[in-house]
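Starting off, we have a lone chain in the form predicted on its own, written out as structure tokens.
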Amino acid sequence: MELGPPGGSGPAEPGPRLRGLRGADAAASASSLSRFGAEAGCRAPAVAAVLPAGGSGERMGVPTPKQFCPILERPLISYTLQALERVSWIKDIIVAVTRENMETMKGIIQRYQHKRISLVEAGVTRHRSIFNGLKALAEDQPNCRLSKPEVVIIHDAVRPFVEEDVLLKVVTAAQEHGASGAIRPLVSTVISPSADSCLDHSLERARYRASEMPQAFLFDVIYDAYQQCSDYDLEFGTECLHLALKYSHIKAKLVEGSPDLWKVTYKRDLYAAESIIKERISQKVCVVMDTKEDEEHVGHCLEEMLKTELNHVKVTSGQDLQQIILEQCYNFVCVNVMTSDFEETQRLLNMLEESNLSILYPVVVISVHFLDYESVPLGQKMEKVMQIREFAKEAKKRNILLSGLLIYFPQVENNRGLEEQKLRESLRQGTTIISALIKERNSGLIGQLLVA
């Protein structure tokens, strides 16, 4: 058995919270299982998770196994590990990978600072990989460096959007019933074809459900089942709940799962997963500005328009940048008001680098500059602001996507109403550009100067 980075036995989140999880969040996560255990009249169980990750990605039709396919330049399996690491009451996470991918997996653990991860060698089939993971947790194995849990979660490495509430439901149900699994309604009707490829019969869709992950078991229940199961089961079976029923005579409690439990199976699913991740990390924008005195400055007008135009996005001001970074905001609009250069942008970039925020997700920083009718000519201003390219090259190495935005609003002599209208039009164009940069997170735009 190969172990991940040392010091991974305690609850920790990757990224900026490595320096300390906020007290309220940590307490809520740590106490959730204890609370449910108390409500059920029993103590909170020790919980571990096993992730079979030895697949080849054959159905996806790509040379890279799907669990290692990049989404926003980060391997898919890293997102799944992050989802499990956020749950502080999961003590150990066992990942079963093939021998040829062992070093790749170690590199992922190190690069993205994953904790509580142990590696075992995968088997040639899914069931054999899970069995190897269970053996690593069993006390009857030689040189065992992990403690046997009371409940074990089995989850897929390519289901990255599992939430704590679903994990909690299957664990508490497994503690009571011995086994539990998430289910979802069938999307299509299941039919049985005859030998000559004609319809033999179909199933009544309303009576059946699709079995999903995660599943949870009392450890002794599922481990005993695997020890008894036949070679045929290990070679051709896929359903863990069926093994618990067949060999341990345990009827699993079925728990309704959420739509987010879908599995990345085909190449198109990678694009869907990327879209979901982009949407999630685009829901918060921090506006950083180097002026407070002049509340009527055009920079404040831009902030107000962002709040109005970006529906369902929380726009906040960056008075306490350290706290905002700690809360994991991945989008920053840096308004350079008092200076014509990049002091405010550079200060923000330095803070982001120190925070390690960009380890897990790309951080978008948009450096905004204004050109009004009293400023230097447009050409000179653009030439100066084009220095953003040099900043962007260095920032990209740290997974920070930096772009420049020059907002131009001309003077309209003797017509203040028309002048204000043109200003609003420029700000609205700027807001549209900002929204696109945040949502798309397109590294091809890095360093470009965009003019509104």
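If you're wondering where the values come from, they're calculated on a predicted model, not measured in any experiment. From 1 onward, residues are counted along the sequence shown.
FYI, the form predicted together with a small molecule isn't displayed, but the following is about it.
The small molecule in the predicted bound form is not approached by Glu163, whose heavy atoms all lie more than 4.5 angstroms from it. Proximity of Glu239 to the small molecule in the predicted bound form: non-hydrogen atoms within 4.5 Å are present. Interface residue remark: Lys106 is not counted as part of the site for the small molecule in the predicted bound form, having no heavy atom within 4.5 Å. Among heavy atoms of Lys263, some come within 4.5 Å of the small molecule in the predicted bound form. Only one of Arg159, His177, Lys278, Lys169 lies close to the small molecule in the predicted bound form, with a heavy atom inside 4.5 Å, and it is Arg159. Checking Ser358, Ser211, Ser282, Ser118 for any heavy atom within 4.5 Å of the small molecule in the predicted bound form turns up a single hit: Ser211. Note on the interface: of 211-219, 305-313, 362-370, 243-251, the segment with non-hydrogen atoms within 4.5 angstroms of the small molecule in the predicted bound form is 211-219.
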